[in-house]
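Form predicted alone, single chain, as structure tokens, below.
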Amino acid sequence: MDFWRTEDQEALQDGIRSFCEGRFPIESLQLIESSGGRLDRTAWKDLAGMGVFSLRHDGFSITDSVLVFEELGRALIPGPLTATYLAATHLTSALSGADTGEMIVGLCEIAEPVTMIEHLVDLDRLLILGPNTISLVDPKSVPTQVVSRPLDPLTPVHVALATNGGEIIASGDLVRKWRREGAVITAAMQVGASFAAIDLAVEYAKGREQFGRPIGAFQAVKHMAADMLVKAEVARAATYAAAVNLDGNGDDNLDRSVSIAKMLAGDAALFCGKTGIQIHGGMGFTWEVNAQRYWKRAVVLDTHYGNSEMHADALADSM
């Protein structure tokens, strides 16, 4: 299995990172939070203009898509990115406009005891992901109750009081493909958030002084940063491997490689987010410091397409 990045892939990833730094600087997140997490449709169309949602139709592979979504995760860009990308990839006829940014497509997965819907008020279409079907509903028709204080202010959520009805637009193999690709794309975003948390923590450790020395010079802090890097690098390798496998260039079992990627990426994002807060000390919990935002996004992404514990159980069952 060869998942070294080509020159074109490096250029693609560098281009998306530059775009995110210019169009979605980390400083802009507080403004989005103050608006209740509402999505900027102009910014959403700018993402589409960069080809984020039309990657597969433009001839890019799942591996290429993983590189792009790693950068979106690094920048903490809010919104149903994965759902709109998959809708533009697999449901073009039913959801025309998802690839151009004209349509924001959200997705909720039926779960017990509570089914949550993210970014409901900004959605043009809502997909309900069941055990073996995907249904299309008008988001305004779903009875919900708003969560007044969501964990991640960049991800407003509603509790779905009912998920019945809707038009079934996919089933069987397409649903299985959707779940696999969704898990790997989400893992890529978790990997991106992990490395961003590392960069922030290391930069702080180099500048913050205690007892006349940067705290990064202390062995305990070095070990914390090293543990973050190890977890993130292993998760990145597993995610790239799963993407290569989904592209048909690997020899591992598809479901097993997906579960490994989602499990390791979820664990890495949660660990790096938490440890980044610890390195920042008491400041890490404050609104003014971005460290807490990476942990919050890690918690949210861990709920998408199965959390780390669920994928660990699936992996154990496959052995």
Partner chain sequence: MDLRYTDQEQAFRADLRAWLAATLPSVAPEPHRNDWRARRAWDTGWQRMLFDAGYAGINWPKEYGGRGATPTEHLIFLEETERMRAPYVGMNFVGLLHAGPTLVVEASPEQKSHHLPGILKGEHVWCQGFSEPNAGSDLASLQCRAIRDGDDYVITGQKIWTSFAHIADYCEMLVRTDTEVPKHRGITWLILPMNLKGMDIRPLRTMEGSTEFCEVFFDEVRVPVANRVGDENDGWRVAMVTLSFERGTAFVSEMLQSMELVRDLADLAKKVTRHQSTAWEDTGLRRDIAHLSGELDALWSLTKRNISQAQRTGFVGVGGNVFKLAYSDLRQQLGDLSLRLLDRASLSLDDIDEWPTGKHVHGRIHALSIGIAAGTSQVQRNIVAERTLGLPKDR
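All values derive from a computational prediction rather than experimental measurement. Residue numbers count along the first chain shown, from 1.
Not pictured, yet referred to below: the form predicted in complex with its partner chain.
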Answer key: of Ser148, Asn164, Ser141, Ser93, within 4.5 Å of its partner chain in the predicted bound form (heavy atoms) is Ser148
Residue within 4.5 Å of its partner chain in the predicted bound form by heavy atom, from Ala170, Met116, Val137, Leu200, is Met116
Contact of Thr42 with its partner chain in the predicted bound form (heavy atom, 4.5 Å): no
How about Arg176: is it within 4.5 Å of its partner chain in the predicted bound form, going by heavy atoms? no
If you check in the predicted bound form, is Gln13 within 4.5 Å of its partner chain, heavy atoms only? no
Check whether Val121 has any heavy atom within 4.5 Å of a heavy atom of its partner chain in the predicted bound form, and answer yes or no. no
Can you tell me which of 93-101, 72-80, 181-189, 150-158 lies within 4.5 Å of its partner chain in the predicted bound form, counting heavy atoms only? 150-158
All of Leu270, Gln278 and Asp302 within 4.5 Å of its partner chain in the predicted bound form, heavy atom check: yes
Members of 294-311 lying within 4.5 angstroms of its partner chain, judged by heavy atom, in the predicted bound form: Trp295, Lys296, Val299, Val300, Asp302, Thr303, His304, Asn307, Ser308, Glu309, Met310
